[in-house]
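Shown here is one chain on its own, the form predicted on its own, set out as structure tokens.
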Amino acid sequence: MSSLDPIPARTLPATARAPGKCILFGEHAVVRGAPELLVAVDLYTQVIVRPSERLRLNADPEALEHNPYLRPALEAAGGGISPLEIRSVSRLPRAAGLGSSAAFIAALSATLAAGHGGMDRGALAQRAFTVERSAQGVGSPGDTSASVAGGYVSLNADANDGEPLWAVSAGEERWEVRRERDPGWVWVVAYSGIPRSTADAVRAVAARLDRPDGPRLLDEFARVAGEGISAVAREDRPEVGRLLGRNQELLREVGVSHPRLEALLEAAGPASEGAKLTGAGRGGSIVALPKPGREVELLRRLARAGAVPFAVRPSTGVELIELDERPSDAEAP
């Protein structure tokens, strides 16, 4: 299955695997229409759905109350609250800014869609975002679109950049999603161990951008993200590194950095072209572009600084897989 093939019909039991994501440029400002660039990364969540006599998620019979994404995902699939046995396993740390909720929603939505006759990816991206937004109340469709599409994905980018994929909307808000060029790079992401709340951080930044200097900050976020998308496409590593640093300066200015993140950014400096926090901030993770040949050194530096680092590459989007391909990692959200 290619990253743009529709999700085929499949009789349950069925399983799907979806990637996490990393935001390279533009988090927070994307909510107000500025560009954003993300890459789907090869850290996956897998969901298995089987018919059952009762509804359970990871053996929890009260999952509808405990998991905020389960009820809207089941209702969006059109089958109501059906009795299903759902098992979810993941390599993505939770609340780490790496798209654990988006990957769970994309994998679950794809599996449910398969059981209801299949679905094209644009519709699946809209459904996954609607589910996530209904649970979190705020945010943009970048995470869920990256998990559905795979590879490098932009939102609100210049029309001359990338290949149009689909549009996603929420009320009067609308985001254009595009496929961007893959430069073939390895990235390093590192989880600080400090969990964060996307909704709280998004609301705090919204309040900051409503202040008198908000339009200036928003324009600068948009400029940096637009230039970052172009620099990645032309494989300009030094310029991408410089723009990562400038994006981090803006994220500090809107108040979403954290002392632990700053310590990790300092540790990454000698072995990276540039680095920044990724995701909502106030904890979570950083992303760094390694200097060529210094990937292992960068991983070691971040581990010594107390992070959980991963070397990641672009991943394919959500896909159905065979039932016997079962990972054995931690449960997803």
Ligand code: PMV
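Note that residue numbering begins at 1 and tracks the sequence as displayed. This is a predicted model, so every value here is computed, not measured.
Just so you know, the form predicted together with the ligand exists too; it's not on screen, but the next bit is about it.
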(request) Could you tell me which stretch in 55 to 63, 266 to 274, 300 to 308, 23 to 31 has residues with non-hydrogen atoms within 4.5 Å of the ligand in the model of the complex? (result) 23 to 31
(message) Considering non-hydrogen atoms and a 4.5 Å limit, which listed residue (Val287, Leu70, Val49, Ala280) is close to the ligand in the model of the complex?
(response) Ala280
(message) Just to be sure I understand the contacts: of Ser230, Ser257, Asn156, Thr198, which is the one whose heavy atoms reach within 4.5 angstroms of the ligand in the model of the complex?
(response) Thr198
(request) Verify the flagged residues Gly97, Ser140 and Val202 against the ligand in the model of the complex: is each one within 4.5 Å by a non-hydrogen atom? (result) yes
